[in-house]
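Okay, so here's just one chain, in structure tokens, the form predicted on its own.
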Amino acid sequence: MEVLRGLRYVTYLIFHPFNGFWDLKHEKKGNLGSALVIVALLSITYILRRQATGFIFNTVNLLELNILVEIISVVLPFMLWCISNWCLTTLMDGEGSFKDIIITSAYALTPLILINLPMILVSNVITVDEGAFYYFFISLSTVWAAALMLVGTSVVHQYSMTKAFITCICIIVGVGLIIFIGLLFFSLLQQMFWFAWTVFQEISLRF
């Protein structure tokens, strides 16, 4: 019941972001369960978009489509954003907790669901000449979500819009650094594994 109440609040928040995000944090209008449902729905939306978008606008090879990869491509960037957000704003006197960041970020992504789902159906009935209509709404969903993310960052951490904008840029850079360090770490682990395996083989051959 609480999750459904939190999901219904989305329709108010996306049109009244400043008041919406304030109430989301201080009046507990949203909750972690609703946020996780939104992320799950976003993953489903992107899977459906890959599979069911009209062939005119779909450049994906369905034979190579991997549902697990599609889910990871949504969940991983979301979690990296939240982690980078928490790490940076902790150093920049942000007032939002990690839970607040997850909830705020998830709610900010709602336009990607509300617009992309109908566009999947629309893409199957419009022509190439009407493609501008399709791409306009796809772009609108992205811009709307980005604007909500900016406002959400400002409200949850009690930043000015200028500081929130700079913080968002730093968060994106932070995500890149996390990915770089992660790849470096796994590359190092791989090299250590092959070194240990080579040493093991050498010792085995000697005995």
Partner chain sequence: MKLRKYLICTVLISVLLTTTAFAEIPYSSYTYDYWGNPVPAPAPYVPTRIVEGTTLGIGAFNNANDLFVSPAGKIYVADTGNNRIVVLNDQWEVERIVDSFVMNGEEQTFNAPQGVFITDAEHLYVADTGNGRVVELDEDGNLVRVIGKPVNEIIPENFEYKPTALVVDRAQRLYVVATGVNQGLMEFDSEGNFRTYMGAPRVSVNMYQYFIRLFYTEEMLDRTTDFVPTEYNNIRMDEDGFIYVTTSTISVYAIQGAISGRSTDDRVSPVRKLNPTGKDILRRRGYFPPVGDVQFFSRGYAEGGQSLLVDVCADKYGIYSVLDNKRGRIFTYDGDSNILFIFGGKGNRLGTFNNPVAFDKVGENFIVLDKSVSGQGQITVFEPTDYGRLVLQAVYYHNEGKYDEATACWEEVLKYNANSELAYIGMGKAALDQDEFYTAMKYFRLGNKRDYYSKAFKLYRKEVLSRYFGVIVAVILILSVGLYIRAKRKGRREVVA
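Positions refer to the first chain, counted from 1. Predicted model, so just to flag it, every value in this text is computed and none were measured.
The protein also exists as the form predicted together with the partner chain; that form is not presented, and the subsequent description refers to it.
J.: Each of 56, 126 and 130 having a non-hydrogen atom within 4.5 Å of the partner chain in the model of the complex: is that the case here?
T.: The answer is yes; 56, 126 and 130 each reach the partner chain.
J.: Check residue 143 for me: does it contact the partner chain in the model of the complex (non-hydrogen atoms, 4.5 angstroms)?
T.: Close contact is absent here: in the model of the complex, residue 143 is far from the partner chain, nothing within 4.5 Å, heavy atoms only.
J.: Is there a heavy atom of residue 162 no more than 4.5 Å from a heavy atom of the partner chain in the model of the complex?
T.: Residue 162: no, not in contact with the partner chain in the model of the complex.
J.: Does the partner chain get within 4.5 angstroms of any non-hydrogen atom of residue 66 in the model of the complex?
T.: Output for residue 66 is no: heavy atoms all beyond 4.5 Å of the partner chain.
J.: So in the model of the complex, does any heavy atom of residue 60 sit within 4.5 Å of the partner chain?
T.: Close contact exists here: in the model of the complex, residue 60 approaches the partner chain to within 4.5 Å, heavy atoms only.
J.: Pick the stretch from 68-76, 95-103, 117-125, 82-90 whose residues have a heavy atom within 4.5 Å of the partner chain in the model of the complex.
T.: The contacting stretch here is 117-125.
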